[in-house]
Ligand SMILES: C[S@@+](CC[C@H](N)C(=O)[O-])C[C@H]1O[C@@H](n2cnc3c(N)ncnc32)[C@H](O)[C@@H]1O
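Just one chain follows, in the form predicted alone, and it is written as structure tokens.
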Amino acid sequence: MAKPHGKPAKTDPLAELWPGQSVPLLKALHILTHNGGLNADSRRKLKQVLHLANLIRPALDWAFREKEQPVLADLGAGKSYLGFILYDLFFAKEGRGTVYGVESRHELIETSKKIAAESHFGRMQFLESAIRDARLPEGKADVVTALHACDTATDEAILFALENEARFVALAPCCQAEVARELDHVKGPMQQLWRHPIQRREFGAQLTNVLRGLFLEAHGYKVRVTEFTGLEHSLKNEFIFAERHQRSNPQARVEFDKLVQQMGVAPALLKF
């Protein structure tokens, strides 16, 4: 059978976008190329942020349904990919609510302010601050996000969410090194689980995120842990999504304390 002639049809990169999504914004964020195309790196970024937006959608649907002026805080925002995408897809369309990007690096804050001004995102604000020192003008947030907040920054995001009475918390942890370092000094029969450095790193990351989930549950959150992208896009793909239903959960507190006692380590910021 003869092979068909001609080049394969090209797929339209814009077909991957949500309806009404801003192409100029995606170009400014370098998620789309200047001619509106996608290369391998930009396609990876686009898939990550759109999939993450879909995972966070239930929190924003609740916020716009229940709050007149919902507030989202994106912590350790970096280049603010996530904050910009969520503003474009939800806040701009609703015409209300505020997105705060919290980032400690001055140059990233200035770049984000410029993109927000050029995009006419008037209700997107930026705070130049470490997460632990950040203070929102409203004094509370409805939804808190932290994408790839490295090491203890994710723990700071959890404490920020509690201090600001967030109903929803969406976390994608990254590079959890604190507990892994502490495991190096813990002796006993279970030491074989982390005897080798690569196993200590992976086991430490797993233990850290388990304790984070229990800590949130102890404070009344219902926690779901899943992946936010495939391993082909990122090895750091664990996603913690939590919704608060009550003020506290004593049983989860007991489980947290029991696990800390058994393992001999815990994230310093999350010790009760």
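Note that residue numbering follows the sequence shown and begins at 1. Quantities reported herein were computed from a predicted structural model and do not represent experimental measurements.
Below, we refer to the form predicted together with the ligand, which is not included among the displayed structures.
Practice task
Have a look at 181-189, 69-77, 117-125, 85-93 and name the one stretch with heavy atoms inside 4.5 Å of the ligand in the predicted complex.
Solution key: Stretch 69-77 is the one.
Problem - Full three-residue contact with the ligand in the predicted complex, heavy atom 4.5 Å, for 81, 104 and 129 - result: Yes, all three are in contact.
Handout entry: Position in contact with the ligand when the complex is considered in the predicted complex, options 193, 162, 150, 136, heavy atoms within 4.5 Å
Key = Contact with the ligand in the predicted complex is made by 150 alone.
Exercise for the section: Decide whether residue 142 counts as a contact residue for the ligand in the predicted complex under a heavy atom distance cut-off of 4.5 Å. Expected result: Although the ligand is absent here, residue 142 would stay clear of it in the predicted complex, with no heavy atoms inside 4.5 Å.
Problem - Contact flag, residue 45 vs the ligand in the predicted complex, heavy atom cut 4.5 Å - result: Judged by the heavy-atom cut-off of 4.5 Å, residue 45 is in contact with the ligand in the predicted complex.
Exercise for the section: Please check if residue 108 has a heavy atom lying within 4.5 Å of any heavy atom of the ligand in the predicted complex. Expected result: Close contact exists here: in the predicted complex, residue 108 approaches the ligand to within 4.5 Å, heavy atoms only.
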